[in-house]
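So this first bit is one chain, no partners, the form predicted alone, shown in structure tokens.
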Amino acid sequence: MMKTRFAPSPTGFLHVGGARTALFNWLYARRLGGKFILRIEDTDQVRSTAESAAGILQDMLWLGLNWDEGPQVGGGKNEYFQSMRLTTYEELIQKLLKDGRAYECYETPEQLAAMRAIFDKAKRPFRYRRAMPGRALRTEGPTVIRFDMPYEDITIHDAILGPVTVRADEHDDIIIRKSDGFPTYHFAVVADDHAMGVTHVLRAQEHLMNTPKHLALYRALGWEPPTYAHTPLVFNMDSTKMSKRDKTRAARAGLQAYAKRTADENYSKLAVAAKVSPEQIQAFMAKKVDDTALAATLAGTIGLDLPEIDVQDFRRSGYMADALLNFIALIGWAPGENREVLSRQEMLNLFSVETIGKTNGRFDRKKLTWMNGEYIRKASMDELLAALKSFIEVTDYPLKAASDAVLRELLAMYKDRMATFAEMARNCGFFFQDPVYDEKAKSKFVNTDEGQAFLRQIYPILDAVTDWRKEALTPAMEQILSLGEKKGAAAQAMRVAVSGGAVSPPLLETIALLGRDKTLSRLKAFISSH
């Protein structure tokens, strides 16, 4: 049976580029009636965490990329975590040692650095080979095991890029078991793809130069390799690779502007507000640490939005899962006929490896925002409510306490005037807490003699209304709209007083949902202050 797989390392959240790889594998398997495997490659004991693994599973499920085999589905409980498969790897490594295809190495990091320095001085690339001079003799310290790479040209028959040949002198003897006893990525991925029956491997082009190593391991172990297809990378619009470091770069730029603007050059005030030490901030700014969690904390403290990179970032920014999937599918894949907004079923019907391009794609955030708005406007109210509640789960906006009935009313108000749920959440905050007033709007519409006169006329009109349903409020609103020489001028003063700004959903729906007490108290507060 045809099988694809997605095998992320749990060293952080799921990168949106990884999500695209998962999507392509999922589409390919579903399109051809195969199976899609999810495997967690957690052999990096220093960087891998259970929290990251759980987050990846959560992100995959949020995207709707369900797997046929993997954690919680099929097989044994831990079969799809590499850290639980050490016995299998060790048996295979011992076979390679016995067959003379692998060997022990004893160099310390310092010795390896000295060997590299010799090659650097000779302006030659460092390639560790079994027959090279200067290899260390057996020691009592920890050892690694290397694979004896054949000295020959190796051609990859790639389903996207065509034949790609790597010359013999570009190979080196890769480490397949580290000194801590864990296998390296190169070995574990081959062992697991074979054991799990993977027939097709779709992965990013950054792995292309790893493939000759994997093909050589397949041959040494006597196995048939899968079909490989290397997809284009995901780049920013400025042609830089889309990376998690984009967050730290943006944070540093924002912090430099903050320090200049506030004269907080040593970041002492920021340290207090962010509850970190000035030394931590200074180390971050000096690029001595690349801590994305610290970057997020500092950015949040100064009100700086960092670029979305991980799937969770986009979820917290209020994008719909289907919109994000649709958008990332088109980065490097051309479904034909200039199609853009595609349902999941349409993607399944149209997807093929042959229609994946060779050149790197661009992540156009403006286009994603536009597409998300299209999805919002086309969605049913039930679909929108489910998506909004998923957004609320991972954010801390005031609408967290709202009932489903209130959320439905808000969605009806904002559906045609928002591109993301975060945009709606920011704009509807005044329904749940005191508004943050737009000073320009206050000066123009409220803090004037005319504005105050309007509010004094409006208050008794609304105070006389006891039934606060829209139908009962309609006559009062019509009366308010007729005040003054210019139709709507009074209503604009009222809008600023109750919502905080000059733009809001229709005023009748706004005050009906806001409620009688909040509406009247906000009007009264402005009247009393003048």
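Each form is matched to the other, and the largest set of C-alpha atoms that superpose within 1.5 Å is called the rigid core. Nothing here was measured: the structure is a model prediction, and the numbers come from that model. The first residue of the sequence shown is number 1, and the count goes up from there.
Quick note: we don't show the form predicted together with the RNA, though the next part is all about it.
This chain is displayed alone, yet in the predicted complex one of K389, R426, K95, K358 has a heavy atom within 4.5 Å of the RNA; that residue is K358. Proximity to the RNA in the predicted complex, defined as a heavy atom within 4.5 Å, holds among S239, Q433, T87, S403 only for S239. Partner proximity in the predicted complex, defined as non-hydrogen atoms within 4.5 angstroms of the RNA, places exactly one of 282-290, 131-139, 373-381, 308-316 at the interface: 373-381. Taking the partner from the other structure, the RNA in the predicted complex has a heavy atom within 4.5 Å of a heavy atom of H186. In the predicted complex, the RNA sits within 4.5 Å of a heavy atom of F235. In the predicted complex, G70 stays away from the RNA, with no heavy atom inside 4.5 Å. Although the partner is absent here, G34 sits far enough away that none of its heavy atoms falls within 4.5 Å of the RNA in the predicted complex. No residue of the trio R245, Q256 and E265 has any heavy atom within 4.5 Å of the RNA in the predicted complex. If you take 102-119 and check each residue for a heavy atom within 4.5 Å of the RNA in the predicted complex, you get E107, T108, P109, L112, R116, in sequence order. If you fit the rigid core between this form and the one not shown, you'll see the Cα of I511 move by 2 angstroms or more. With a cut-off of 2 Å and the rigid core superposed, L57 has a Cα displacement that falls short of the cut-off between this form and the one not shown. In the core-superposed comparison between this form and the one not shown, the C-alpha atom of F421 has shifted by less than 2 angstroms.
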